[in-house]
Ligand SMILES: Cc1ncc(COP(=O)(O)O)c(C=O)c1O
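Below, in structure tokens: the form predicted alone, a single chain.
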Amino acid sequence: MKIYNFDELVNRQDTNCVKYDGRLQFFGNNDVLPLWVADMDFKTPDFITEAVQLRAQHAIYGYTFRPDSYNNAIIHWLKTRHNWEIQKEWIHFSPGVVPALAMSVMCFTEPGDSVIVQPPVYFPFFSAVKNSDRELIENPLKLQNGRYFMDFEDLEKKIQADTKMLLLCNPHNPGGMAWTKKELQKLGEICIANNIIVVSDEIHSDLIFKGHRHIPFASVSEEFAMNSITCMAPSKTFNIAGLSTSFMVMPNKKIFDKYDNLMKGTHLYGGNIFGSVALEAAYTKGSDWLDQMMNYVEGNYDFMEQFLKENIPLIIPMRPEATYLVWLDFSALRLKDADINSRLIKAGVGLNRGVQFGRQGKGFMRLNIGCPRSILEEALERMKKEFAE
């Protein structure tokens, strides 16, 4: 088995990289260590770059389609990694999971309908609803003993006659919960009883910490499968977000056909050559790399947790069950959110502001630990100098 080096530093500047080349725009400072955008600073694995380079050697990049081997790679990956058996006829393309959320809202609800989200949550959930002229209903998560839980009592109170959809973040971003079968079961039963379709963003499904597992919402029962759309991609897992390739799983043929008509009408179904090649390589050869990468990320979290405990104990991390994102609680510092952000920038660290994820994110910041440990250590040392007192 090949051993991969996740300590290697890769210079990403001047590559039109949002994470690094967007620092001046977002932080007003090109010198901050960027631990914000949810892509990793690890090299895209060699088996993917080699597959893309091999295809690139052909001199023509014309119109293309996705072969059976593409679908078979998805089917095999979901079976072996998540014990979920799907069929080729359930798979459809999307240029990204965020576009998939927006297109699902447009396709399966009408203007004026209400859509439920569970904040704090990945901020495109809000815009997917509001920008489509739908009513946003918030069913906030409950924070208990360092973990978020779904508030089912509040959910049932918030449902209206025109509530048609719930956007689920599974695993959760930014909290990092890998929702349990019991949690998903209760959520699904409420949605079935109220004719609410569930659109499940499962882009972080492969990034699971030891002692936890990812349960696809649609895998809980056939009834849930027929009342859901699952959005997945290899982009977070293998650091290939720039290839704009994701997929949707829709066992219900009526749902599939309606989405298919939207894609055909907008001519968005083509995708790109290299994204398809990368997905197939990732899901065919990626298991060992992924296991090693997640071991390294867990080590990063353990290092960070210990560092904060010893040096800045008032900043409290929420231990993730999944993802390479950490939700940091700054509230014990008794600072305003704008002050937390400005002092981090002053220290030379760029994080995501918690209020981006909803008002429930007040006092929090999101930190990306998908990076070489030396970068994480330098960021923490900078935070120590600014906040230790």
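All of these numbers come straight from a predicted model, not from anything done at the bench. One-based numbering along the sequence shown.
Missing here is the form predicted together with the named molecule; even so, the following discussion is about that form.
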item	value
Proximity of Phe217 to the named molecule in the predicted complex, heavy atoms at 4.5 Å	no
Contact test in the predicted complex: Met150 vs the named molecule, heavy atoms, 4.5 Å	no
Residue contact check: Ala38 to the named molecule in the predicted complex, 4.5 Å heavy atom	yes
Exercise: Lys236 in contact with the named molecule in the predicted complex, heavy atom 4.5 Å	yes
Single option in Ile197, Val129, Ala178, Val98 placed near the named molecule in the predicted complex, where near means a heavy atom within 4.5 Å	Val98
The named molecule: the contacting residue among Ala73, Cys169, Ala102, Leu166 in the predicted complex [heavy atom, 4.5 Å]	Cys169
Partner-facing stretch of 220-228, 311-319, 131-139, 199-207, counted where any non-hydrogen atom is within 4.5 angstroms of the named molecule in the predicted complex	199-207
